[in-house]
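First, one chain by itself: the form predicted on its own, in structure tokens.
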């Protein structure tokens, strides 16, 4: 299969997945009845505002008409209007989404890099005390709930030691920055604890996968030949074992994007981190229907895009994928 055909096929599969998510979201939101019931029963919301929303989104129309209107609005990037924030949902998400992407990108990068380095090294020390200890720690950290790790880190480093802010949402960063150094310093200051918490949660699983992959590679014939030729252990580790153990890590990461995203939502809620996850948490508490729907769709789209990019990376790392 050619490169172009592979990309087109994966792209079509991603589009179909997004349409399925759109349909499921539409049904779930309406299972409990009128999605605007909270607005109708809220005396603080003017009746004319509710009527305008009902008319705009066709809530009183049959379901198939509602679904068509729903799709048309989505493709026009009209995700509705947040009653609580008094802003269009797309505007809110555009403000908070970069924070979530930063959190996800940094935590996943830290977890993958550390697990690749430590996991491949442990494979060369198989059965040692260090190997058994790190495996035990990896499994232990992996078994802890993400919110528990977040709360412990928040309590110790933010509340007890007062090294980091308890609520990062109190720090507002403007873009473009006026003072780039101060802006970057503040960014790391308010996002350090959420990034560390999310990276810790996934480091355990990444470490076990990388260690197993490195162990499998270290017994292959080309590694044995490299040792017999006289290459140093450090060269074999860096140039052979790590490179050939990356593929299982890429597969594992692609299968865990949705799990990582759900963990990100919880971490953002625990730390009051100004991302889309925190926005969803607030929307659920406030029964902000349009905000819940829009934020969920955007996060789903982010997961689909990340999986698509991972497929392309896997294809570049292992050209045999194109032939399947």
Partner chain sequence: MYRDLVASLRYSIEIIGSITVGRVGLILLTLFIMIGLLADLLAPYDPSQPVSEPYQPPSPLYIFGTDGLGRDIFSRSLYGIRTSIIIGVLTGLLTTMIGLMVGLISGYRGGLADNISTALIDIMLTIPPLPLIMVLVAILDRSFTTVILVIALTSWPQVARLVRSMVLSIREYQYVEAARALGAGSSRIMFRHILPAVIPLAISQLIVSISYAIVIEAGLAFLGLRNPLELSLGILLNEAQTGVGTGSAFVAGAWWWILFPGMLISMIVMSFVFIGYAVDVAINPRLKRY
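Positions refer to the first chain, counted from 1. The model shown is predicted, which means the values in this text are computed figures rather than measured ones.
If you look for the form predicted in complex with the partner chain, you will not find it shown, but the lines that follow are about it.
Visitor: Quick one: 145, 255 and 269 and the partner chain in the predicted bound form, is every residue within 4.5 Å by at least one heavy atom?
Guide: Verified in the predicted bound form; spot residues all in contact, yes.
Visitor: I'd like to check something about residue 154: if you look in the predicted bound form, is any of its heavy atoms closer than or equal to 4.5 Å to a heavy atom of the partner chain?
Guide: Yes, residue 154 sits close enough to the partner chain in the predicted bound form that at least one of its heavy atoms falls within 4.5 Å.
Visitor: Are any of the heavy atoms in residue 23 no more than 4.5 Å from a heavy atom of the partner chain in the predicted bound form?
Guide: Judged by the heavy-atom cut-off of 4.5 Å, residue 23 is well away from the partner chain in the predicted bound form.
Visitor: Should residue 234 be counted as a contact of the partner chain in the predicted bound form, where contact means heavy atoms within 4.5 Å?
Guide: No, no contact at 4.5 Å.
Visitor: My question is simply whether residue 63 lines the interface with the partner chain in the predicted bound form - judged by any non-hydrogen atom within 4.5 Å.
Guide: No, no contact at 4.5 Å.
Visitor: Can you work out which of 140, 162, 76, 179 has a heavy atom no more than 4.5 Å from the partner chain in the predicted bound form?
Guide: Looking at 140, 162, 76, 179 one by one, just 140 meets the 4.5 Å heavy-atom criterion.
Visitor: Just to confirm, with a 4.5 Å cut-off on non-hydrogen atoms, which of 68, 54, 29, 45 contacts the partner chain in the predicted bound form?
Guide: Of 68, 54, 29, 45, the residue with a heavy atom within 4.5 Å of the partner chain in the predicted bound form is 29.
Visitor: Go through 104-112, 154-162, 182-190, 225-233 and give me the stretch that gets within 4.5 Å of the partner chain in the predicted bound form, heavy atoms only.
Guide: Going by heavy atoms within 4.5 Å, the stretch is 154-162.
Visitor: Heavy atom within 4.5 Å of the partner chain in the predicted bound form: which residues of 278-303 qualify?
Guide: 280, 281, 284, 285, 289, 292, 296, 299, 300, 303, in sequence order.
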